[in-house]
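First, one chain by itself in structure tokens, the form predicted on its own.
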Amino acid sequence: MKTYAIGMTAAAAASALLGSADACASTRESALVEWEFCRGAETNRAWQAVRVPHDWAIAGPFDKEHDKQVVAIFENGEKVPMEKTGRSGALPWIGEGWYRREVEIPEGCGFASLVFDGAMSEARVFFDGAEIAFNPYGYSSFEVELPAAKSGKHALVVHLQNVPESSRWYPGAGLYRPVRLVTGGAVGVRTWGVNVRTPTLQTWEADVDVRNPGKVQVAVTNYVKEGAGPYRPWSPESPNLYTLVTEVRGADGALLDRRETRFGFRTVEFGPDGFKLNGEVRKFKGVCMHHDLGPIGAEWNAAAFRRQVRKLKWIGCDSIRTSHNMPAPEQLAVCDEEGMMVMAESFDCWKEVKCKNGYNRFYDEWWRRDLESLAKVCRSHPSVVMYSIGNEIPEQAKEDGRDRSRTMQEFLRGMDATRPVTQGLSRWPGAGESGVAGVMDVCGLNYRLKFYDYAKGLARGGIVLGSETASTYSSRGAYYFPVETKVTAKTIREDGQCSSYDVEYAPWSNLPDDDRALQEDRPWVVGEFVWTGFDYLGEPCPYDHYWPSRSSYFGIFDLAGLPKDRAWLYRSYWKDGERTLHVLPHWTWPGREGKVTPVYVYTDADEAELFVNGKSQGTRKKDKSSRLDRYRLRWNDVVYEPGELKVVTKDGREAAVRTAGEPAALKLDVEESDARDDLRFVEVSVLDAAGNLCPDAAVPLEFAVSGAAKYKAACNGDATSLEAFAEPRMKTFHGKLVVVLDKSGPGEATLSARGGGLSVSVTLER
């Protein structure tokens, strides 16, 4: 029987371990958390205790010399190489790192292996002094079978090396994803060895890959733990999950292994009618996401990612593109649970160079193994609805790009025939003339709106996907006058910020309004993935020639996870069935009295009236014929006077902002979390005496934590800040920041913040 291997979720892996008097009667997975770590060459190493997942670079310091790149970026339209000081985050991720620890294999095991969900990068694994594995791609998951499953303690060492100019963004460094020791009998289910499919919403199929070196007679059975149905389908709105139990028994009926795999009943179709989930046509309301988690860097953490997913769902987002790399297995587990569809991407380049020392060095030898890893990890996850084999690949406008696209797509289909394959194409019309666009299951366009109609004529089924859209710049709480809609290519302001009026965008892109109109007007466009859901470390366009600037401005949410104004714009047309009303800018403008200060309102309502201190500024209606008035309500001639700015919709809803006085208090808001979350996020705000946010307050604060928690990080969302995340002090940016606490144990904890003559504390309970 032909078998395949794919991944279990972290929760399923935990529940799959059998309790038994014989420690190796069934497969067990143990997280390897405690390690020793050091930086630098092999000699004269100083080791320190760390916990894995671990990002060695996120503690800083920020420095413009870290991976300073002098390059001309093709996609930016650059002809002459220029200095890019913050391109990969300006953090010390370049260099070598070593990790070591002991592992103990129980008596009587017939099998043992190590599973790495990701290791950044060029990982070499040593077991009792001998090198047993090499895995160059930092984003791919891999398993290393130990040479002999002999009992006792063994020395495990992992060497990692990150070279300059190997990334276009901050990749992180170290064992940044979980590492597990797998032990069991000689016969058992392989890691990622259960492949569940749901050909209909009421039926399931499963293949099982069993390790069986002696080829003994075994029987494999599968059943759904929750019974025989009727089953409820999985969707972003109702993420229903079930558990498949897999048992392997010997000829005598003895249980040799047992695994539990979570899955969901759902069907995926792409065709002339568009994209169908469970038979219903819908469009992707998606975002692109780099893998870093803001102030904690690349270090994987389920609580931090779950927080991001829930914030995205609050604005109506239903899908994520894992740009431009393979997702962590536990990332998919969270998406399964929370109801977030996934485009699982693989590579940012193939054989031709994008970064001098990028994946191109390994493509020929490794692409098959890495795509196999992607498919194994993804195949049982209902959240994964399509694969992407690349992003803006240089070969896309060439015939060899067409041939590589076809070969890689067919390879993935051989691993998983249930999901279509796409890639983000940006070089038009070349991507069409080369044949690449016509080869793909789903034709994906990165920007290039004027080529959508052309692409439709080439695409299979006549459907097109906005695989990357918008690239709008903004800084939370920053507004500039006059308000100008413009393409921004270079450094534009001395303070290194972008306008939160959401009217500035990259030379390769456009406004969010343009993408939304295209989605509405062309039913054959199956959705979009906005660049990006959250700000990320690295690529500080349009300030990539400017210092200090070390993180992006593209996010709908900033690096701290705080919403920019644009969050309400997307929410106003993505969040079905819920009302949205948001007014901008803030209304604290000393020195602007009597000057024109435009007001925008983001709302699902079609009409509203604006008031300044009770005086009507007129009524505005959305206008489908106007680029900026189709989805926004705008009052461009409002004259500023201190007091209250209020908007009232036609159906009577109100929203208001008021002029703030001097900072008088700090407020701590503990974000909602699950009992399982080991991180807690606390929003810090600077308020005046009346409780209004002080929108330009830059108050230097210090933090102290007592009780059952530890300080982890802080972030204010300012792309130009060089303050270290890991230090318990930071200045507020436009009156806000976020503190992250490590709250992994039970009991009360207290966070205190003080600075600028203000102080406050809050108690957190578990």
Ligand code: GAL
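Keep in mind it's a predicted model, so treat the numbers as computed, not measured. The numbering used is simple: start at 1 and walk along the sequence shown.
What follows is about the form predicted in complex with this ligand, which we do not show.
- Stretch-level contact analysis of 269-277, 660-668, 443-451, 573-581 against this ligand in the predicted bound form, using heavy atoms and a 4.5 Å limit, identifies 443-451.
- Every residue of the trio His324, Glu468 and Phe554 has some heavy atom no more than 4.5 Å from this ligand in the predicted bound form.
- This ligand in the predicted bound form is approached by Glu392, whose closest heavy atom lies within 4.5 angstroms of it.
- Interface residue remark: Trp508 is counted as part of the site for this ligand in the predicted bound form, having a heavy atom within 4.5 Å.
- Using a 4.5 angstroms limit between non-hydrogen atoms, Trp192 is distant from this ligand in the predicted bound form.
- Arg168 belongs to the set of residues with a heavy atom inside 4.5 Å of this ligand in the predicted bound form.
- Interface residue among Trp234, Trp568, Trp531, Phe347 relative to this ligand in the predicted bound form, by the heavy atom within 4.5 Å criterion: Trp531.
- Of the residues Asp535, Asp117, Asp292, Glu539, just one reaches this ligand in the predicted bound form with a heavy atom at 4.5 Å or closer; this is Glu539.
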